[in-house]
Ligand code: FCA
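Before any questions on how it binds or moves, here is one chain, the form predicted on its own, in structure tokens.
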């Protein structure tokens, strides 16, 4: 009897010590250099400071580095990680690596999928409705086309495309559908596939599209993020297309968009549908920590909303989005 009590006491003490261990989590992002991910990290750091946990930030540009990062976190005695993977098809491999290392995992921005392309339901996710956000882009462009009294027949639309990423395709499809619903000619919509989701690759893709379609008087541009649309705007500028003949609306509302909208003279980058980097960085981290400490299991899926931010309404949009 005495031995049983001692064993029970030892187990209770071990459980208490484990519960009292300081929490450490990773925050893994596919393109650490992009302003959006820098903002997510910044807000995750705010959460870490407020709640007293340790945050490990790791860039994971490819699958090999993703797997190495998960093992590295386990070696550092982390208890979980938030991830935006370089390829959503790595979902099952990420799930297996997390289980092998006894790590809890939450996905952010891009939802992880299995081999058949279906979302992995066991991994909680925070993202956006890509299609609905895209529709906001298209509707914003149509409103500005009408405000400028442009003839749609004279307007070309660049769709900076990265269709291998499901949320990227959803966003640009939503934008294009909104344009078409408002009567924009489908024949005037031009695909510009980019090799990577950054400004340089968007610039190169748009340059090719503009070269082949010089007949249009005005231009609009959509893409999966701010960087894609900024690349399109820079390409247009290089061809002498000025702000009064260009309407580009990005997605994200991160630092890159803010810097562009705050330039002394307006550019063809008209605005951005702002999504909350704070919620995606701060709240996902809090959700994961609460899960680790047994306070609450994260919601299976949370889709955040966006607001169109322009030069004219920046302050009120940032306030409304908690930034």
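Numbering follows the first chain given and starts at 1. What you are looking at is a predicted structure, and each value in this text was computed from that prediction instead of being measured.
Note that the form predicted together with alpha-D-fucopyranose isn't included here; everything after this is about it.
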Of 229 to 237, 109 to 117, 184 to 192, 201 to 209, the segment with heavy atoms within 4.5 Å of alpha-D-fucopyranose in the predicted bound form is residues 109 to 117
Taking 4.5 Å between heavy atoms as the contact cutoff, choose which of 47, 275, 289, 29 touches alpha-D-fucopyranose in the predicted bound form.
-> 275
Is the gap between residue 34 and alpha-D-fucopyranose in the predicted bound form 4.5 Å or less for some heavy atom pair?
-> yes
Are any of the heavy atoms in residue 224 no more than 4.5 Å from a heavy atom of alpha-D-fucopyranose in the predicted bound form?
-> yes
Taking heavy atoms only, is residue 197 within 4.5 angstroms of alpha-D-fucopyranose in the predicted bound form?
-> yes
How about residue 84: is it within 4.5 Å of alpha-D-fucopyranose in the predicted bound form, going by heavy atoms?
-> yes
